[in-house]
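Presented below, as structure tokens, is a lone chain in the form predicted alone.
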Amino acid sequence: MTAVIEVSEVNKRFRIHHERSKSLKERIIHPGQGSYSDVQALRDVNFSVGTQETVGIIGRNGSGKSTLLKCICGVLKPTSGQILIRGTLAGLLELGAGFQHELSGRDNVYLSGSMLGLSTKTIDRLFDSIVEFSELEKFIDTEVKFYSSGMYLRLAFSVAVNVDPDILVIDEILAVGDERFATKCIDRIGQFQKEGRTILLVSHSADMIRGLCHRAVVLDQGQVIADGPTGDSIRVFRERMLADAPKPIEEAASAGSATIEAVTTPSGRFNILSGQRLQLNVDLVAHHGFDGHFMMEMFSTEGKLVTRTDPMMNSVSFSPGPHRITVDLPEVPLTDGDYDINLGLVGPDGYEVLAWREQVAKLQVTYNGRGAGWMAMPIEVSVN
């Protein structure tokens, strides 16, 4: 597989000034004075992206994700290292980045297209498709300073995906806008994947990364700490979040409160018929006493979320030491397929992750019916 993006030993350092001279006179009288500090945003980052790959980049806030994408797109220049791009690249780095507020949507389409290297004649040919996808026909001649954030998203994304790029780089832009248009954008990304385009995607949504990406790179404090299959990388990311989360002085429920050691079934097998009962035994060790909630997720082999339990249900309490949680699903109404099981514990608020295991088991379901989809949903029909 040919690499279309190569990132080699990339470092990026910013200088943050805490105190500057307030006048030219002060600069002349006290040259070189003023406090500052250097911030290392990226540290020896190495990875490559091949043709037809969709790669996700995940990490906590401040880990260097957006800085890395800006270096790849040429918005920022690395302090050291090298980035090679083979092919045409379209980047969605910020909502409406490059848009001129005083210009209309129409003018900004031409401006953005020219920044991506397109001629006016080419933009003329693509213009109707761009406007149609954005669904902004009524507002295309309105100044973009009057656009909502969702309208910005529509126009920016539409320009990027209609310029026929070899490489599409997206930084969190799908987090804005209504659900229907986000689905439309994801469908277009899926079309790009089928066409063999290369996609680099940053998102805070593990579900989106899992559903769209073949591979994921995890950044932490500007360094690559994992680069591999999406599920493995998400596991590393969550484990790092657990390890580094601050613990309160009284050692109350906090990240890393327990370690999930094993998941088994009474039969020792993880294959059932659709509609059958499933019982899981989850063995864990609590590092201290705490209260929380048990959560479970199921994903299809394509990485699509099938179900996730309500994080505020299933309250549990633990004393220090080993415990077994028995999870009883009276009926599993899934159709044919293999399903990955993730499970863990969250805090009393339903948000703080206390323990987590990715792909802790794979459930195989056999369905004898003729229905389709993920769920074999029973219904009752009567004729009067």
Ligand SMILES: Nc1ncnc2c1ncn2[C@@H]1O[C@H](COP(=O)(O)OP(=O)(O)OP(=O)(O)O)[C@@H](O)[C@H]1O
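Residue numbers run from 1 along the displayed sequence. This one's a predicted model, so the numbers in the text were calculated from it and none came from an experiment.
Unshown form predicted in complex with the named molecule; subsequent notes refer to it.
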If you check in the predicted complex, is residue 67 within 4.5 Å of the named molecule, heavy atoms only?
-> yes
Examine residue 172 and determine whether its closest non-hydrogen atom to the named molecule in the predicted complex is within 4.5 angstroms.
-> yes
Is there a heavy atom of residue 329 no more than 4.5 Å from a heavy atom of the named molecule in the predicted complex?
-> no
With heavy atoms only and a cut-off of 4.5 Å, decide whether residue 101 touches the named molecule in the predicted complex.
-> no
With the partner absent here, would 39, 62 and 204 each sit within 4.5 Å of the named molecule in the predicted complex, counting heavy atoms only?
-> yes
Want to guess which of 351-359, 337-345, 320-328, 54-62 is within 4.5 Å of the named molecule in the predicted complex, heavy atoms only?
-> 54-62
Those residues of 311-332 with a non-hydrogen atom no more than 4.5 Å from the named molecule in the predicted complex are none
